[in-house]
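This document starts with one chain, in the form predicted alone, laid out as structure tokens.
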């Protein structure tokens, strides 16, 4: 089983659009959206939720009102001002440290697991999708990313599918590390700009630290040809393969507004470049780049696998 993780240095580079296009081209795969802080893969893939599961992470205090004497001990110990004499007055301030429960003289406070969000199994036009939604003001996105990847691997193993395509979170923080660790190949989607060059350097350092194979896709490559050339030269000097150069196209915006992938749009002007990108990935992962006759028939019937 191979896992391709698409990442970017920041949001807005076209990572999800390219992930969806690859999902359209690749046969026999499971899809995972690990951008749990701002998940949107389900919007472009026509997802229909089949299963909803609760995600718990961290702890929060639960108070037995009958046992509480309102002595104020918890109020004096809470450094975050979340509790006042046995009443949670500011739940968003609670860090779940448990000092109130540990020191309650009446043993009226218990720490219980906190609901931190949900994860879903959905059916899409391109196959099964594992995605998630993190709760408001919850900081356990790395754990939720790991949960999404774990469930995607289970599904791929159960259904004997050779590939997982993961839409990763942007940046190089905890969620990105959780999405990348142990991946077969990381694909960095970058823009030909000064900030894009900086982001690429950080992603290359991250991949090198974890000894992950990293390939590059330069999106909107025609916006600044000089920067594109400099980026290619830099990649070659670092031994990083450039698997794709996608020219700027308004089709991406039109496709997103229509809830479709860019390859599903009539007269898509980036189909050739995206196909080359997929062929390079498939060759690297030693996967068949061409869909089978059965897959083509299912695609025509709008039944993707």
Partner chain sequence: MLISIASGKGGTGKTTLALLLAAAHSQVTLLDCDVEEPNCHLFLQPQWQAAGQDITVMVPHIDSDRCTGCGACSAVCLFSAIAISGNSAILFDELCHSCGGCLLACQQAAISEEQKTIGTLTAGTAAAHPGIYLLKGTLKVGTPSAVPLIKQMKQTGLQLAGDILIDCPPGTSCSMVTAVKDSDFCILVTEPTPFGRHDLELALNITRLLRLPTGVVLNKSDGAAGDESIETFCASRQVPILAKIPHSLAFARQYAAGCIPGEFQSIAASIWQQLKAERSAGT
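Residue numbers count along the first chain shown, from 1. Computed from a predicted structure; not experimentally measured. In this text, the rigid core denotes the largest set of C-alpha atoms whose superposition between the two forms falls within 1.5 Å.
Keep in mind the form predicted together with the partner chain is missing from the figure; the text below concerns it.
Of the listed positions (242, 263, 68, 39), a single one reaches within 4.5 angstroms of the partner chain by any non-hydrogen atom in the model of the complex, namely 39. Contact annotation for the candidate site: 95, 195 and 222 all lie close to the partner chain in the model of the complex (heavy atom within 4.5 Å). In the model of the complex, the partner chain lies farther than 4.5 Å from every heavy atom of residue 113.
Mapping the unseen interface onto this chain, residue 89 falls outside it, with no heavy atom inside 4.5 Å of the partner chain in the model of the complex. Contact check for residue 230: no non-hydrogen atom falls within 4.5 Å of the partner chain in the model of the complex.
Shown alone here, residue 77 lies within 4.5 Å of the partner chain in the model of the complex, counting heavy atoms only. Comment: 168-176 is the region of 120-128, 168-176, 182-190, 155-163 lying near the partner chain in the model of the complex, near meaning a non-hydrogen atom within 4.5 Å. Contact annotation for 253-269: residues with any non-hydrogen atom within 4.5 angstroms of the partner chain in the model of the complex are 253, 256, 257, listed in sequence order.
Fitting the two forms on the rigid core leaves the C-alpha of residue 230 displaced by under 2 angstroms between the shown form and the other one. Comparing the forms between the shown form and the other one on their rigid core, the Cα displacement of residue 79 reaches 2 Å or more.
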